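Only one chain is given next, in structure tokens, and it is the form predicted on its own.
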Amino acid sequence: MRHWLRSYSLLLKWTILRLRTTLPFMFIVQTLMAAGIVLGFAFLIPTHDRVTALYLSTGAPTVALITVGMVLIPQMVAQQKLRGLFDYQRAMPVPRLAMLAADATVWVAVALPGMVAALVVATLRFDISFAVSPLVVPAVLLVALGAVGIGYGIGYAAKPELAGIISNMIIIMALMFAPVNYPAERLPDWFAAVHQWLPFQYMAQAMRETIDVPATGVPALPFLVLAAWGLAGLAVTARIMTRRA
């Protein structure tokens, strides 16, 4: 454990130094994107009842985590493969999960300002208040785990050019065709059934029902589904990183 923690600490510093010129720009873009989802989508909807406001308010932070985990991470991994950094990392005498944890810490940190900005903008735009649960912290961590696990699985398993295509499809799906910013009832029945097996709906539900707790309480199903997706993605990633090592 001491070796793992020391490796994690050193890898975290190395990752921050490696991305020091890129991270400020990513912070700005993620913050503007999350706030822009709240404001931009509000223009598409003529009337804003509390349900609509709640979905937009909590959907924007969810999309922020999805963007970082399932879009930025696969694209960065693809760049690492093209530059030879992927093979260099696999040759490092450090635990593979410590390497993933260091990278994931940086990417989740990139998404946090955007999540906060989205909720602040939503509060001002819709004049809405939230009944926040302490479970919001594990919810954010599990959504991040699911997004990061899937993102790394795509980045390491797919060819660089294919990873870029998949990540672009994911952001389009999350923004327009997944029940993140609107209820699943608005989708065709067959498409709503498909989302029962995809992580997007459960990511949005975990965020929404911990930021504003419903009368029935916070259900456990989204947490379990996200944990399964995240662990599956990380297992694929760890298997690829240790292969032929």
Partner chain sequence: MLLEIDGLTKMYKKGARANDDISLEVDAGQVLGLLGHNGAGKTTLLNQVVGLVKPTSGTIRIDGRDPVADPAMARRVCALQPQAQAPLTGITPRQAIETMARIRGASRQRARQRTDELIEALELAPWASTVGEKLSGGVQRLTAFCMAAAEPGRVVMFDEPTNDVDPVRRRLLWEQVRALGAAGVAVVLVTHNVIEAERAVQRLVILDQGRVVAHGTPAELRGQDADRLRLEVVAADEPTAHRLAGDVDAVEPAVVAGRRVAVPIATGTATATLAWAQEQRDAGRVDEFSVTPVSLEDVYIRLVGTENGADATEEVGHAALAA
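Positions refer to the first chain, counted from 1. Here the structure is a predicted model, which is why all the values come from computation and not from measurement.
Form predicted together with the partner chain: not shown, discussed below.
- For the partner chain in the predicted complex, the listed stretch (168-176, 102-110, 141-149, 82-90) containing residues with heavy atoms inside 4.5 Å is 82-90.
- In the predicted complex, the partner chain lies within 4.5 Å of some heavy atom of L17.
- Looking at L10, you'd find a heavy atom of it within 4.5 angstroms of the partner chain in the predicted complex.
- In the predicted complex, the partner chain lies farther than 4.5 Å from every heavy atom of V116.
- At the 4.5 Å threshold, heavy atoms of V94 reach the partner chain in the predicted complex.
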